[in-house]
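One chain is shown next in structure tokens, namely the form predicted on its own.
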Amino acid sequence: MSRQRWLFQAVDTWFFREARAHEAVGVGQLDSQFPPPVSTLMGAVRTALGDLAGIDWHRFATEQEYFNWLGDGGQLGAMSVNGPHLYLADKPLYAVPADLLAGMGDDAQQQFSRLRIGEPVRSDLGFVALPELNDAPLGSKPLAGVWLTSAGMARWQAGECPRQDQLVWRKDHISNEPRLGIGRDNRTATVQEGLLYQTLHLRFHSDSELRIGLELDGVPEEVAERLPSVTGLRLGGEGREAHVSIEPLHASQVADVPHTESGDRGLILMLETPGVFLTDGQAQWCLPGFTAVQNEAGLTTHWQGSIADVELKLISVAMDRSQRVGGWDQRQRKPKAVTSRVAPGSLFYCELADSSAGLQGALEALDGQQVGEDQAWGMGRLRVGRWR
């Protein structure tokens, strides 16, 4: 088996349909998700690999001859994926952490600040600590439509705010392009009444080097040897063209871990990719396997569990609203059930359950770990930062 990095760059517009239905109440226009769900990208990748292997897709739908390594839209067979990640040229970008705020300082310049975790308060969750403002300028709010460079992520992991030049803004690379369409009856070559619709495509600026990347593992050597270094694929709604670069990966890259200092309270776990946290089939916000710990009054004070054999006390959480993801089931030719995912950039503030254990060793053990469901799809990958 071999590993490759697949990098997708737009040729025309792209459209990655949001989970809402056209006919849902209040839907006047369907937006486009970006970056798209990993299942959308893997659908294009699996089709390309299957074509290269000479698969008869009519037989595949019923006999699953290549299922063991190629999988289907529900499971990836022998393959696994890390991503999707965004790249600016060949430099990786990261989701902005949920504690990062932007406001206007006294000098009329944009100023960044971070939420801090306050003292425990009585809430519907129990007697727990919640995020609160930390000397933020008036009007500060969470950043949206922006990503961090590697240098910006390193500053955040060290407990600092990134600098302005360490942010990449979506508006500098992508414009929204509204489209108007109508359903058509191909048999009679006439329009269908009541099927007028609006969608919002993504138009990439002509000088943009923004790309979507996937690290793919598990492709058989005999197929990987025939992969081109550059190709084109149809991607997303309406099968729009994507320029794809494929490069082999020979070893996993080890990310830098911040150095802790005396006085650090604990560590922050950040979701680098979406998380699928389920309990009894229901979506949850809490780290999988963590259970509530209550005080003498029966009020929850924190949650406790372990990741990679590191016993942790989950003290607080900062996160954006969950992502809603649907899709199309090609085999059964019907929409997939819409599911919720914890958004990338979500933060989990943790202390070590054993205060005598080394905090630096915990950071090194936890960075790059995955939590939750669908890990073969790249879900739930963690980065770590200092909690000062």
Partner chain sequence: MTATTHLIFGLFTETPLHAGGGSKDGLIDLPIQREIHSGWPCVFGSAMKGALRARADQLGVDDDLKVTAFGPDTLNASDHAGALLVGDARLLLLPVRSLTGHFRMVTCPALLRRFVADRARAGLTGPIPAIPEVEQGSVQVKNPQGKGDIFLEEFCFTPQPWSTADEWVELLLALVAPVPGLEEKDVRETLASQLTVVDDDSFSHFCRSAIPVLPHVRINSQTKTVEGGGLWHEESLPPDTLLYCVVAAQPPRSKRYHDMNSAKLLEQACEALFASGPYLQVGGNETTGMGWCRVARVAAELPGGEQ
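Residue numbers count along the first chain shown, from 1. Source: prediction; values computed, not measured.
The following text describes the form predicted in complex with the partner chain, which does not appear among the structures shown.
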query: All three of 180, 228 and 239 touching the partner chain in the model of the complex at 4.5 Å, heavy atom to heavy atom?
result: yes
- prompt: From the list 91, 259, 234, 122, which entry has a heavy atom within 4.5 Å of the partner chain in the model of the complex?
  reply: 234
- request: Work out which of 297, 195, 104, 144 lies within 4.5 Å of the partner chain in the model of the complex, going by heavy atoms.
  value: 195
statement: The stretch from 72-80, 261-269, 149-157, 195-203 that lies within 4.5 Å of the partner chain in the model of the complex, judged by heavy atoms, is 195-203
4.5 angstroms heavy atom contact with the partner chain in the model of the complex for residue 333: yes
Residue 52, heavy atom within 4.5 angstroms of the partner chain in the model of the complex: yes
message: Considering non-hydrogen atoms and a 4.5 Å limit, does the partner chain approach residue 313 in the model of the complex?
response: no
message: Since only the chain is shown here, I'm wondering whether residue 243 would be in contact with the partner chain in the model of the complex (any heavy atom pair within 4.5 Å).
response: yes
